[in-house]
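One chain comes next, on its own, written out as structure tokens in the form predicted on its own.
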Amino acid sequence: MAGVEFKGVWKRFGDVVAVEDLTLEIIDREFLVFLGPSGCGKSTALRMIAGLEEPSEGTVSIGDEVVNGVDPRDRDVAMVFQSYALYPHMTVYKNIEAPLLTRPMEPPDGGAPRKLTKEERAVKVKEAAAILGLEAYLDRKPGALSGGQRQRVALARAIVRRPRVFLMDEPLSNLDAKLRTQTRLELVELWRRLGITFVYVTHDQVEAMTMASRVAIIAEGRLQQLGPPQDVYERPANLFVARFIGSPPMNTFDAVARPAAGGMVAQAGAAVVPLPAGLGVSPDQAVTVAVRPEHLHITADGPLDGIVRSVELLGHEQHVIIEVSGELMVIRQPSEEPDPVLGTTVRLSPELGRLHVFDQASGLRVE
């Protein structure tokens, strides 16, 4: 098994910078998710681990070996693509067996790597099929399988030779919502059973939050924040992360920090919101204040006022959308709460201890 390390990695395509100065250590046997919007550079970073792209600057290491210039087949990694990339004319058995046909591997009884015999390959194929529940489909071809079954075949083909690192590029995006949930659970269980380093790319924050041991959030080719999913959710490092993580996303409003009796406040027009004690803001500093929908409430005497524009009923909860000074804010409430009347004016109170404050100029979190 092995970890992966990026040191000062840049990737340019002509004048376009896809990855900018990426320095990141992926710990051996962790499940790391690259998360970000489309075109942010996360798939390019994954492809540089696989050897499908070479860094323009910097180094990529797998284990203790710098792999710049090393052929993809010699890196001992396996990759699962969004499109499954199965051989349509081959059975499931043959698809899973394919990586074993040409690659030398350590035989079951130990010894130097060599090409496995037909019998040894059969043992490995059946082991991989059993892990992913594919024993009943080994004689079928991909066209006779559902999308979820084909994805499991692609996973089995990747794990059959037990690579050092397992790479996945948006592998669930072609599945329907119910199947994505089921396959997420299967992938996490697979990671726990195999004890292999998983590196996973997605733009879906639900996948990242539910699967990752750590999340690396990328935007415009730059690493924005790295940490456990809950830490990233609770303490976003900058405005991009604050607005990107969470569904519905954080509510934000621009304000100016002002001194007041007992501490600092954020003033936005006529509204004055107390800021948490000890926050490192300066008088007259331009800030952006953020609060998650579950930490914003309708009260009789809140510091913010707005007009109710919509109520979205989601069964277990409802989202109340309120226009505040021309901006839309969302409140997450239990469905048992009475529906606010559309068009009425209400007052809002954020939970003081749940406010997040960012410097407007840099976008960085104010501690």
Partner chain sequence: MSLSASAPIQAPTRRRRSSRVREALLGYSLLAPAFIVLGVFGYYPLYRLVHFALYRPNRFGNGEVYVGPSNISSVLADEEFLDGLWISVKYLLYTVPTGLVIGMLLALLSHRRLRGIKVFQAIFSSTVATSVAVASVVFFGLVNPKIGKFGDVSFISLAKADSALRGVALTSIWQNVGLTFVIVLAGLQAVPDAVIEAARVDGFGPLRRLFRVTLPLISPTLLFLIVILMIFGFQSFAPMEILTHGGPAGATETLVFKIFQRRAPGQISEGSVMALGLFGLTFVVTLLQLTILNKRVHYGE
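Numbering follows the first chain given and starts at 1. Note that the structure is predicted; figures quoted are calculated from it, not measured.
From this point on, the text means the form predicted in complex with the partner chain, which you will not see here.
- Task: Let me know the one among Pro338, Gly326, Gly69, Pro334 whose heavy atoms come within 4.5 Å of the partner chain in the predicted bound form, would you?
- Result: Spelling it out, the residue with a heavy atom inside the cut-off is Gly69.
- Item | in the predicted bound form, the one of Glu54, Asp305, Asp28, Glu317 near the partner chain [non-hydrogen atom within 4.5 angstroms] | The option sitting close enough to the partner is Glu54.
- Interface segment, criterion being heavy atoms within 4.5 Å of the partner chain in the predicted bound form, picked from 54-62, 338-346, 307-315, 29-37: Partner-contacting stretch among the options: 54-62.
- Interface residues of 250-284 toward the partner chain, as seen in the predicted bound form [heavy atoms, 4.5 Å]: Not one residue comes within 4.5 Å of the partner.
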